[in-house]
Structure formats: structure tokens, C-alpha cells
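A lone chain, given as C-alpha cells: the form predicted alone.
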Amino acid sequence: MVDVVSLFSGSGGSDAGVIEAGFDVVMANDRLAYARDVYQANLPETNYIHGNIEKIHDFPSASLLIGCYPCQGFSQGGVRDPSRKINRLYLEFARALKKIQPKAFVVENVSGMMRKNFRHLLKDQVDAFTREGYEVRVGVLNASDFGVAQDRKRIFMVGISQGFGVDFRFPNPSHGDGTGQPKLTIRKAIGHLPEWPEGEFYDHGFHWYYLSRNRRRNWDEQSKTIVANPRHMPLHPNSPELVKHADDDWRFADERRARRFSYREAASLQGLGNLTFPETSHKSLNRCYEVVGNAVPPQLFKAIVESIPDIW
């Protein structure tokens, strides 16, 4: 079995995909306490090291290194400031890469990194990994093309040790036009769940910024991107439609009650429908949304790692 080290692991979405692909995650790490709680409740066999990555100096040997370092400086839902220190955490990943020297690595991040004004920072990351001896490929995939009921475009960097002399090709979509399998819909993912799960959704009104764009999709579509901030979570399809009145001004079509997706619904729309949320001292509504919104859909990560040539 292929051993994997996972960094910036969050609640374990990426790791669940790797495990489903037949790999063994021997170490995971994140600094968010409730992410650790959720991870350990769902993937208890992994050695989870809670704390700042900068304080980890020894890593177990592994053939695959994976990581989803924070991306707030590039995200539509975050403070788009590429100069923030948090956007240099790729150097910690590069440090681990140098120490572990795996046969391959996979990195996931937001697609906003592909914007023209951020391209130099993407290049910095590719250059750092190339210097460690890896042939790096970069691509953008949409989770909805791989059996997830959500439009979620993410950038992936896949590196294979140059010594193997093999090339990596990103997987073709498994769902959608021409695949023989329809895309998963909101109805299919969450239609069986309670209509009003009181206490599990953010219910504090809708700020003008929330109503500056259309946040709603219908039952038989894919959800808009699930985010980590509960205030910006997309609308549940049972909510009234949003009608555009002017630029950055959308209003509800009628007076019926509206709500955002609950954190359990958001988990299902992330491909994490069976996720357990343990009752610990770190649990709160905001933390539940955070660990779900920061997760990687397992189906998407599984498709990536299964596309790596047989170098193991």
C-alpha cells in the first residue's frame, strides 16, 4: 500500500479521497482544532498532528505528499491580497517535499490563482517544486465533472519525480455531456434531508453584500460554490428566487422565508454526505461551516491521484 503524508489536511476531504483510492495516510496536520476533531471522528486510524506546520520538523517517509495550503489571498470569498503571509505557506509544503522526497505530490488550491495579476505567485510555487526535482503540471478541474453536486473550480498542481521520466495527464470528466453519466444535482444530493433543520443553518438575515449577486440555484442544477464563511453560503432552493433590480442589487421575488444551506447540506454538496460532526468544546455553527467549506470533495481528489502513472 502507498503511504501518504497530508499537510493542511482540514477535516479530511482530500484524505478520504486518497484512502478510497487505496492509499494509506500515515500522517495528517492542521492548526484548526475543530478540523482535527472532525477528521479524527471520521478517519480515526490516521496519525493527526494538531498545530502550526512551521513547528513540525520530522515527517514519516511516504511515496505521496498531498496538501491544500490556505488561499485567502486568491479566493473570491476572502481578502484578495496576495502579499499576505498566509499565501507563502507553499514554502512549508516545499520544505516537507525536500525532507520526505516522495515519488509524487498533489496540491489543491483556488482557481483564482490563475488570474493574470496572481500568475507570478503561481509561477513561484511551480518553480519551488521544480527545484526539488519534480516535473510539475498545473490544471483547473470542476468538481461537478466528477460526481459532486456543486460548481467548484479548483487548481491542482501535480508533481512527479523527474527520475521516472513520465508525464502526468489530468483526468477527463466522469460526469456530464459525453460521459454517459449525468451531473449530480442538488436534489439528488440533499433532497432527502429535512426542509428546515433549525439550528444547523446561519439565520441572521441577508446583508447588502450577500444580495449583490444571485446566490440561488434550482433543485435540478448544481449548487454554487460552497464557501467557508456562513454569511456567504448559497441559498437553499426552497428559498424564493432572486431577481436582479440593478447592478449589485438582487431582491427576493416574494416574502416567503429564505435560508442558506445548512452545514450538513453543505457537506453533502461537497461529497461528504456521511461526515460526522463530533460534539466537542470546539464545535460551533461557524466552525462546522468552516471545516466543510475548506474541504476538498473526495471524489475530485480520488480522480486526481488515480490518474498518476503507476510509479509506486
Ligand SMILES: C[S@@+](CC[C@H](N)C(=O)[O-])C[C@H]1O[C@@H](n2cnc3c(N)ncnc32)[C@H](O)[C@@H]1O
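Not measured: the values here are computed from a predicted model. Residues carry their position along the shown sequence, with the first being 1.
Just so you know, the form predicted in complex with this ligand exists too; it's not on screen, but the next bit is about it.
The candidate spot formed by 3, 19 and 65 lies out of contact with this ligand in the predicted complex, as no residue has a heavy atom within 4.5 Å of it. Proximity to this ligand in the predicted complex, taken as a non-hydrogen atom within 4.5 angstroms, holds for one residue of 27, 41, 258, 32, which is 32. Interface membership of residue 286, defined by any non-hydrogen atom within 4.5 Å of this ligand in the predicted complex, is ruled out.
At a distance threshold of 4.5 angstroms between non-hydrogen atoms, residue 52 is in contact with this ligand in the predicted complex. With a 4.5 Å cutoff on heavy atoms, residue 89 counts as touching this ligand in the predicted complex.
Note on the interface: of 245-253, 278-286, 52-60, 261-269, the segment with non-hydrogen atoms within 4.5 angstroms of this ligand in the predicted complex is 52-60. Contacts with this ligand in the predicted complex, taken as any heavy atom within 4.5 Å, map within 276-310 to 294, 295, 296.
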